[in-house]
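Take a look at this single chain, the form predicted on its own, given in structure tokens.
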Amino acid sequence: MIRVAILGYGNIGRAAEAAVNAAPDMELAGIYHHNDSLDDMQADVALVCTPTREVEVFAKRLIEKGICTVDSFDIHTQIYALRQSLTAVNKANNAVSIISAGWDPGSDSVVRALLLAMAPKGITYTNFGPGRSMGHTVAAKAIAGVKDALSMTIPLGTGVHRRMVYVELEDGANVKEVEQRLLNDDYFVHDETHMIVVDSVDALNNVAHGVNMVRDGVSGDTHNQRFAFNMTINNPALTGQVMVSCARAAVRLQREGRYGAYTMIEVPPIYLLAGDEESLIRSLV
């Protein structure tokens, strides 16, 4: 049995717990909160279910204990830098990290890679939502003057999105100052973003989300190849499940001595699955 610990117990942490409990080859090694001591953690792999901007610090602490890690780091422009940073620590401690292992980045990244293999020339449009972005919501909640927040992603087509950010303000907070901080944050600066002040974020809150991915491209010299991938999801449930599947892969890579940090497109898909290889190949190929 793979011993899996969970660090962080928000929406993703709770979803990850359910996925671990449902896995036939895993057992829960403990649930840890941000302020807990990690000295007594005994696990093969830890799911780092913290806000993205805390992932690197916590992952390094766990890797230095020889524990593999899986996270759902979601700032796309910083993923490669995280990979390089954690690779060095993993190699020094004979461990493995699978990073950005949610559904986007994560499983959607694998789909994009497959679509690229199917049509090497072309354009892929990834359209998110409409739905709640957990990473953007956490980032909005962290802004000074914000008591609570909900960031909704609205697809405008061809990979362009609008961010509708509903916020409850702290007493005495200046609306204009909070809005400026929000618009300048890395999570929001690249998209059309609107901040709406509300009395109750909880009255609006839900965790539904989805994606529509389309590639128009060329296979060999044949044009007009069009592929589409769609899903409607519970955001934390899918993120937690993908992380748990990647925990299985991280432990296998460690046992093979392939120490380092990996994104999902670098991991053999069969490593994500429970069961013996022969049965999986016979049933899936």
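Note that the structure is a prediction, hence the values are computed from the model and not measured. All residue numbers refer to positions in the sequence shown, first residue = 1.
A second form of this protein, the form predicted together with another copy of the chain, is not displayed here; the remarks below concern that form.
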| property | result |
| --- | --- |
| Exercise: residue 37 in contact with another copy of the chain in the predicted complex, heavy atom 4.5 Å | no |
| Another copy of the chain contact at residue 117 in the predicted complex, heavy atom, 4.5 Å | yes |
| Contact flag, residue 125 vs another copy of the chain in the predicted complex, heavy atom cut 4.5 Å | no |
| 4.5 Å heavy atom contact, residue 83 and another copy of the chain in the predicted complex | yes |
| Contact assignment for another copy of the chain in the predicted complex, among 190, 194, 147, 76, heavy atom within 4.5 Å | 76 |
| In the predicted complex, the one of 33, 53, 258, 65 near another copy of the chain [non-hydrogen atom within 4.5 angstroms] | 258 |
| Site check 220, 265 and 281: each within 4.5 Å of another copy of the chain in the predicted complex by heavy atom | yes |
| Which of 197 to 205, 130 to 138, 102 to 110, 171 to 179 lines the interface with another copy of the chain in the predicted complex (heavy atom within 4.5 Å) | 102 to 110 |
